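First comes one chain, alone, set out as structure tokens in the form predicted alone.
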């Protein structure tokens, strides 16, 4: 307790040879975010490949849990392989996959359609789950006419709108998604995540899915069901697959409000890397309420400490 009678905030430990060994020995599965942790844009962060090889050689399970919905699991596996890292689809849990699985476990009617404000990854995962998706990148080319006697038509059989990161967001998509949610009875509003920004390229951050979700939330006056981090929805699938106690897992990420909070919500150990969105100044700011167990500059610091 501090002088005001409040519980003192836990202070994260800087990764060192001593606690890195303890972390390794007490962890069976490492869960990695991708953007800002494994890569930035299409550029691999230095030392990542060697670090993953080291962890695999120690018998550790590696799982990649990303909020970026632009790709499907298959497309992410292809990206890993193109960067020289062998990762299978089964080791990847993306928010695009989570959106499709959320609908499946909640018995979304097969005859209903899904309107997608987002990338090809969402459409692919919906198709694999047996659902019909509309929109996506194709609607990025469409325009609207704001003039008298112009009525915007939308498909009345759309039963869900899924919103994720969308570099081709436009007024057409915003209107289509808004009408579906407001006018189609029982239409679901699903967000892959609420990330404010992300490393879409290696040199700078770009607006994240939270911007697109915020627009639809404002126009419909509704809050979405969020399936990506920090929601533990994806953790349910991880536990079904690996049967590892969450206390034996370590979530490694660059965002406090998604990656680290996701790990904490699930009962995992947490390691923040400063190679992405979060800086040390943000971590140590007195207003920050989310503290990881450990922090370090980048994933490859494991190579120095183990």
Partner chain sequence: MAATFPARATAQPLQNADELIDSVETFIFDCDGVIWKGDSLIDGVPETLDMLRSRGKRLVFVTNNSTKSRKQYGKKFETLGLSVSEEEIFASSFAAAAYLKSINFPKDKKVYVIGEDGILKELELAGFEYLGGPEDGGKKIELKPGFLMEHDENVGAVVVGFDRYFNYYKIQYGTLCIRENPGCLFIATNRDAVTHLTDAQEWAGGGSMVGALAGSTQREPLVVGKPSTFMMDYLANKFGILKSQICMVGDRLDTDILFGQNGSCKTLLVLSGVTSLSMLQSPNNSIQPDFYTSKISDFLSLKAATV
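Residue numbers count along the first chain shown, from 1. The structure presented is a predicted model; accordingly, all values stated were derived computationally and were not measured.
Here the subject shifts to the form predicted in complex with its partner chain, a form of this protein not shown in this document.
Should residue 107 be classed as touching its partner chain in the predicted complex when contacts are defined as heavy atoms within 4.5 Å?
Close contact is absent here: in the predicted complex, residue 107 is far from its partner chain, nothing within 4.5 Å, heavy atoms only.
How about residue 144: is it within 4.5 Å of its partner chain in the predicted complex, going by heavy atoms?
Residue 144 belongs to the contact set for its partner chain.
Given that the partner is absent here, does residue 158 sit within 4.5 Å of its partner chain in the predicted complex, heavy atoms only?
Looking in the predicted complex, residue contacts with its partner chain do not include residue 158, since no heavy atom lies within 4.5 Å.
Residue 202: heavy atom within 4.5 Å of its partner chain in the predicted complex?
Taking the distances in the predicted complex, the answer for residue 202 is yes, it comes within 4.5 Å of its partner chain.
Looking at 88, 218, 127, 82 here, can you tell me which has any non-hydrogen atom within 4.5 angstroms of its partner chain in the predicted complex?
Looking at 88, 218, 127, 82 one by one, just 218 meets the 4.5 Å heavy-atom criterion.
Considering 174, 134, 187, 77, which brings a non-hydrogen atom within 4.5 Å of its partner chain in the predicted complex?
Looking at 174, 134, 187, 77 one by one, just 174 meets the 4.5 Å heavy-atom criterion.
Please identify, from 91-99, 163-171, 112-120, 232-240, the stretch that has a heavy atom within 4.5 Å of its partner chain in the predicted complex.
Flagged stretch: 163-171.
Along 205-222, which positions have a non-hydrogen atom within 4.5 Å of its partner chain in the predicted complex?
Result: 205, 206, 207, 210, 211, 212, 214, 215, 218, 219, 221.
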